[in-house]
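As structure tokens, one chain now follows by itself in the form predicted alone.
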């Protein structure tokens, strides 16, 4: 994947400064600093429970930082309208986040409508095809899908969002070798078009494909490697 545009002087899309999050008296994140730049693919690595998912939730405004600040294009997230955050930031969590009684196409149409956009069914069908959902499956309720097909559909939703930032939590979950290659290709294409991709993963091929890596341990962002 292409090199991070951090070195080209571009401003961060998202920036976390001294961010903290605690459950009771236990800090999940403490003094976390992270800048995310257009066109880069950033891997968050670390053991389970290190704080990676919490950091992604905070960056997506799913949770609100208890200390510190997160900025979207230099505007504090607290001052950005929720609809604008949803338009700019796409989040894929541990679960695909799909409506099981709807088809793959209907799910993408619904997410499009929730963002106030008119759905283009042909574009949606093409997007699902790109992530490996065959035309014969696009109109079936996703309840009947395998875990891998659910993950592919969820990836199709992220791609179709046209968001500036993708926040992906273990995005290779349930994917076979073919699905992993689709995921890698999709991320590479997105970064080439200027999308910033942040992913938390234990999957070596995904981590190795990223342009930058940050390790999270004990709630702290400890180190990064090119």
Partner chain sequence: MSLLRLSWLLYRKDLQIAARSKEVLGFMLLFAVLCVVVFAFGFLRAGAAADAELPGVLWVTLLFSSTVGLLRLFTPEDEGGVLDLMHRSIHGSLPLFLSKALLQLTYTGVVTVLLVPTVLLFFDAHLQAPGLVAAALALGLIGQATLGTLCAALLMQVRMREVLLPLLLYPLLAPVVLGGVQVTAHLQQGAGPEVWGGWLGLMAAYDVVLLVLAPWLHERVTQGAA
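Fair warning: this is a prediction, and the values are worked out from it, not measured in the lab. Residue numbers count along the first chain shown, from 1.
The form predicted in complex with its partner chain is left out here; the points below concern that form.
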Task: Of 115, 123, 146, 75, the one that lies within 4.5 Å of its partner chain in the model of the complex (heavy atoms) - done: 115
Open item on the list: Can you tell me whether residue 127 touches its partner chain? I mean in the model of the complex, with a 4.5 angstroms heavy atom cut-off.
Closed with: no
TODO: Considering only heavy atoms, tell me if residue 157 and its partner chain come within 4.5 Å of each other in the model of the complex.
DONE: yes
TODO: Could you confirm whether residue 96 comes within 4.5 Å of its partner chain in the model of the complex, counting heavy atoms only?
DONE: yes
Task: Touches its partner chain in the model of the complex: residue 60 (any heavy atom, 4.5 Å) - done: yes
TODO: Enumerate the residues of 69 to 101 that have a non-hydrogen atom within 4.5 Å of its partner chain in the model of the complex, in sequence order, or give none.
DONE: 82, 83, 85, 86, 91, 95, 96, 97, 98, 99, 100, 101
